[in-house]
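Quick heads-up: it's one chain on its own, the form predicted alone, in structure tokens.
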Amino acid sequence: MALWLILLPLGAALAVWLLPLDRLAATGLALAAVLGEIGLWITTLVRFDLDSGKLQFEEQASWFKDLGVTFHLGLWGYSLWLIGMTVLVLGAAIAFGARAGRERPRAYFGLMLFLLAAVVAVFEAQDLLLFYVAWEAMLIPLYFLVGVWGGAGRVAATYKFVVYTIAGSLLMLTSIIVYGLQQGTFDMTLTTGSGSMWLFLGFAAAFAIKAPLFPFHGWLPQAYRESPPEVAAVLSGVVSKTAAYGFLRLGVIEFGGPSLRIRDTVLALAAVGLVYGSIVAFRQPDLRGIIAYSSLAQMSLITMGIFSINLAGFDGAILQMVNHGLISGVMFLLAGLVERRAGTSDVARLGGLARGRPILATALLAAGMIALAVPGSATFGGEFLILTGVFASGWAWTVVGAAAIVLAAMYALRLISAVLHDRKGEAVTDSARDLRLPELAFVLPLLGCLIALSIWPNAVASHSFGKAFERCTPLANVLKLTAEDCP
């Protein structure tokens, strides 16, 4: 199953590129591949033992025998949920691109499907070098999707994104080589962990840039504004989660000792990013800017959950990664639909879109309410678990997190009010239509999943690590702690 989750979109990408398909056929093949991927993920979920806490659906073959490198795939409980979120968001993004009528459809849909395969490979890779190959493979389609189909400032945005990303990736590659040679294997299921702070920082730099986290977010504003809306949805909702996953799977689990020693420093940077992102989001003049900086804030909150290094924080971080992936995806897609109707995303020129457009108003209001974490929502559950987790590291972190949640409510309410309920702006005309059925086809599934998670957040929160924490030394059962660091 693990291998087929990669091969299906990869094979579809090659078919779209190589076959002489017209626009309709290329679109149909891409959408069929995504629907097939969703069906394959559901089948995997049904067959997955969510309570075991063990690696499942393993696929393994020797790759570079002399170096101990294997083609090793597998699924943990938390990676399974992240793959499900990835498939849904990228499927909605592809459907948005089809609706928008992107130029050069064969190239466009092929790149989106290739990106899907690369992201799934990141979540499934159990070998360090295989993880790195998948990590770098994500950059190839993103380079073209932003640089070719982006806005007027796409060249500068692409250049900055690539430079930042490559700088972090080179540091991670260095750490991977040294760590693998020290361990005698690159297989993450066989490594015993390391107490090296320098190796940990090499991995952490790559993840902090890709997430991004404060102060490594310099590429974020341009990339999110200049990308096509559906690509921005993928960058914010999906690609950033590969970095959070990396922090958990490689940063914390492989380097338990260094992560414990540097925990307060990371929590401090994440707290600054959480407050900074929330304040700057509130002051942004456009929809894209609000959503972009809210993503910075939410990724900081997720990082706080990961570096709380306890079960509540881990479960909250995983739940919030899934929540934010869906919310960020649907918010960027809705912002794109508003831009298509008004020709702008400047909040000063919008307003009054609720009048005569009840479906658009309902969709945006529902997404906004879940984003501001009203009690009973999935995001409320995720944030509550994260704050519970970081409380064990100090009550001050919980206070900062709670204050930032209030700030999040402010920018979410500002976005809703500016688009729907203020006086009608100059860019809004009576001819701007409500959401149509094809648009609902990619908006409603994301909203439906958020509502389902609001009803049953425990589906993700209590089935990410299985029974790994039920023994007497819970940290030692999950983290690869060295003898001097084992509590």
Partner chain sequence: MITTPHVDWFALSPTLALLAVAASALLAAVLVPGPLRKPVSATVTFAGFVGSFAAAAVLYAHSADAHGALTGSLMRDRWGALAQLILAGAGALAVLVSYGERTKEHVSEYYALLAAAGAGMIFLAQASSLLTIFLGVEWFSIALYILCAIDIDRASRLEAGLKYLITGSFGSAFLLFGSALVYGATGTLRLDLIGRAVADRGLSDDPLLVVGLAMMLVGLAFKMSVAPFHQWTPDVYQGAPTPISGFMGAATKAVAFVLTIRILQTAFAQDAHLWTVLLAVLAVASLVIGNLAALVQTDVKRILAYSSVSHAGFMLMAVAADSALGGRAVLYYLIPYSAMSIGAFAVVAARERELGHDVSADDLAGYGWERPVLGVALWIFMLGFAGFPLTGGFIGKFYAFSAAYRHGWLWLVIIGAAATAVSLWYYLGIVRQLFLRSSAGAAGSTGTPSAPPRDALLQIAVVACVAITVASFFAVQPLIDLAKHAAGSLPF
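This is a predicted model, so every value here is computed, not measured. Positions refer to the first chain, counted from 1.
Omitted from view is the form predicted together with its partner chain, to which the following refers.
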Next item on the list: Name the stretch: of 248 to 256, 282 to 290, 162 to 170, 385 to 393, exactly one has residues whose heavy atoms fall within 4.5 Å of its partner chain in the predicted bound form.
Entry: 162 to 170
Notebook entry, point to check: Can all three of 261, 307 and 397 be found with a heavy atom no more than 4.5 Å from its partner chain in the predicted bound form?
Noted result: no
Check: Can you check whether residue 447 is within 4.5 Å of its partner chain in the predicted bound form, heavy atom basis?
Finding: no
Margin query: With a cut-off of 4.5 Å between heavy atoms, is residue 154 one of the residues that contacts its partner chain in the predicted bound form?
Written below: yes
Next item on the list: Indicate whether its partner chain has at least one heavy atom within 4.5 Å of a heavy atom of residue 355 in the predicted bound form.
Entry: no
Next item on the list: Report whether the minimum heavy atom distance between residue 349 and its partner chain in the predicted bound form is within 4.5 Å.
Entry: no
Next item on the list: Select from the listed residues 133, 365, 413, 406 the one whose heavy atoms reach within 4.5 Å of its partner chain in the predicted bound form.
Entry: 133
Check: Which residue, 312, 267, 205, 139, has a heavy atom that falls within 4.5 Å of its partner chain in the predicted bound form?
Finding: 139
Check: From first to last in sequence, which residues of 95 to 116 have any non-hydrogen atom within 4.5 angstroms of its partner chain in the predicted bound form?
Finding: 104, 107, 114
